[in-house]
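Before any questions on how it binds or moves, here is one chain, the form predicted on its own, in structure tokens.
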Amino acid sequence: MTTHDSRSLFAVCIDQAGCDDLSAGMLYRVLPDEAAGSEGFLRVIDDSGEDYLYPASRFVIVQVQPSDEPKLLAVAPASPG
């Protein structure tokens, strides 16, 4: 996946099967990772608070208005390290 700007990216989990650190219906912050995106994965800060790669098919990308990004980032887990 390629982002075309520096805006933050968010996704909703639609399939948590076999993943203890994902919750269906939950909104997750997606970190930029073009290499992972080219392989069909998203780098997501999951329920553990760490970022991991998950199949992109487990998520729906959500478009957020620029004015709403700071509100989501204020409650979204920060990137570790």
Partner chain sequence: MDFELIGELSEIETIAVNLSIREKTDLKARYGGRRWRKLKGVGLIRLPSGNTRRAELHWYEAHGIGRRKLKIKRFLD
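Residue numbers count along the first chain shown, from 1. Note that the structure is a prediction, hence the values are computed from the model and not measured.
The discussion below concerns the form predicted together with its partner chain, not included here.
K.L.:
Quick check on D21: any heavy atom within 4.5 Å of its partner chain in the predicted bound form?
P.N.:
It does: once its partner chain is placed as it appears in the predicted bound form, D21 has a heavy atom within 4.5 Å of it.
K.L.:
Is it the case that R29, even though its partner is missing from this view, gets within 4.5 Å of its partner chain in the predicted bound form, heavy atoms only?
P.N.:
Although its partner chain is absent here, R29 would stay clear of it in the predicted bound form, with no heavy atoms inside 4.5 Å.
K.L.:
Using a 4.5 Å cut-off on any heavy atom, which residues of 52-76 would contact its partner chain in the predicted bound form?
P.N.:
The stretch touches the partner through Y52, L53, Y54, P55, R58.
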